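What follows is a single chain, given as structure tokens, in the form predicted alone.
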């Protein structure tokens, strides 16, 4: 029987403005009068509105991508460790930035609400019989009942009693009206680096990532301001969090920060050229990767990985072979610099460090390390004096465990980006499809991954969202529908604000996001009344974030063939491969 179409208006970017996005807590609507007031604050008053396109004016951005929130003294505005998708501008009052970590008990951190055992069991008879059922063009039951297909958001405005007592021994910085904060998480798609508490009765303008991006694009003075904050804040926070600087006092750390360089290698939007690069030969690919530090060169400093990934390779016959890969928080070059200082030797870099797509590094020059870091460093943290090959030995541990072909496979295809990569042992897999059925059962009878993907030896990397450390799928989303959940950083899609533009699906380097045609409860597909094209929604694995047992795919496998692997843990990956 031919399907009968249902014609509706295609969802648009600002159908659901930011102030109305959350079903968990209410925020006053943005009005034209409110926007008039915001345009008078210095940060926006200096912008030239004619630089903005007519369909994305500064006024419209503030009206739809901004929301004004009020906080009591002691309210937590953002929590350290939470994943944020927005930045804040102080309109009145003060924002107190707590540089030291507060306990989860103090900040009120809670796990997201998950389904009860009964609710999980009830899915078996409550799921729709037809695929991809939505309630479009009418007032959505999802909206009235809360976002049932996404992780429930929690109001971050948890009140801290006795704030002055709790932060008495903590380092804090007060931000007055006009200051911006939260830009690091918004720009780098990472967790918040500090907790910010309202220091007084305060009013804040919160701008979601998409609005921030548009303003940066069309207002160069705002871009310079945000980039300067981003670099300054990122540099200080990263040094403070790095163990090799933990013994330094604030004064010495400031001296180190003053001469530390912030370097970027590769392209931030690396996914745009990834498909073409993937088609070239392995030697060509490695030669095209920007070199951060070269094997055999004088160790002129220490490199700290800030974000992105880097390949660690060594000379092998007439080419290079991959030894390992480095991600956020890892260090390159310290052992060479330290051994040279201890032994008065001239040991060069033992490996080559290359950007895989894109990498941000902090570069601390050797003289600074020798003057400020090494003299006071505990002996237990210094490398043991060894022959020249010590650095190669220390990095060879994971290399020895993971076969060279597998190491090349996961680095070349950039699976190192995944924090929950689905790996299937095809020797154990019997193609029973229990994993696919379990996935469908937990997602309204719609499977959210494909048991298909590239294979190395007998291991398949399946087409399932890897919940990447650097989720480039989020970069171009015009509405912020695809975002990280605040608690665990899983990449999820807000089905209500997804307009089906397919930007995320086209940006995903791993083809792990599918565009599906939405249907009404009687099975009719929705069509755009203007173009007669089907209404689509982006769909992907959400790691069963609302299920009490975690990923249903892995739990359902009767042969222990499927695992969700954090590729940052090289030792765990090596152990799993070895057991096969």
Partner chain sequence: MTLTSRRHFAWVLFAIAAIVAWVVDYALRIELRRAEIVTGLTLFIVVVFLTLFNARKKLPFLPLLRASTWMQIHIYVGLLSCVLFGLHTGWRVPTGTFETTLAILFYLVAISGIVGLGISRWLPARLTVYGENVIFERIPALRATLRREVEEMVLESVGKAQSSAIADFYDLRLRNFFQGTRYMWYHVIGYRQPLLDLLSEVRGLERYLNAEEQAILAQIVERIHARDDLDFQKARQGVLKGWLFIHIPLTYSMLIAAMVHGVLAWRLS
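Just so we're clear, the structure is a prediction, and the values are computed from it rather than from any experiment. Positions refer to the first chain, counted from 1.
Keep in mind that the form predicted in complex with its partner chain is not shown, yet the notes after this line are about it.
This chain lacks the partner; the member of 210, 195, 417, 442 within 4.5 angstroms of its partner chain in the predicted bound form by a non-hydrogen atom is 442. The partner is absent here; in the predicted bound form, the one residue of 426, 342, 331, 99 having a heavy atom within 4.5 Å of its partner chain is 426. Within this chain, residue 31 is remote from the site of its partner chain in the predicted bound form, having no heavy atom within 4.5 Å.
Residue 530 falls outside the set of residues with a heavy atom inside 4.5 Å of its partner chain in the predicted bound form. Although the partner is absent here, residue 165 is not a contact residue: none of its heavy atoms lies within 4.5 angstroms of its partner chain in the predicted bound form. Taking the partner from the other structure, its partner chain in the predicted bound form has no heavy atom within 4.5 Å of any heavy atom of residue 203. With the partner left out here, its partner chain still marks one of 273-281, 426-434, 175-183, 294-302 in the predicted bound form; by a 4.5 Å heavy atom cut-off that stretch is 426-434. Residues 579, 580 are the members of 566-580 with a non-hydrogen atom no more than 4.5 angstroms from its partner chain in the predicted bound form.
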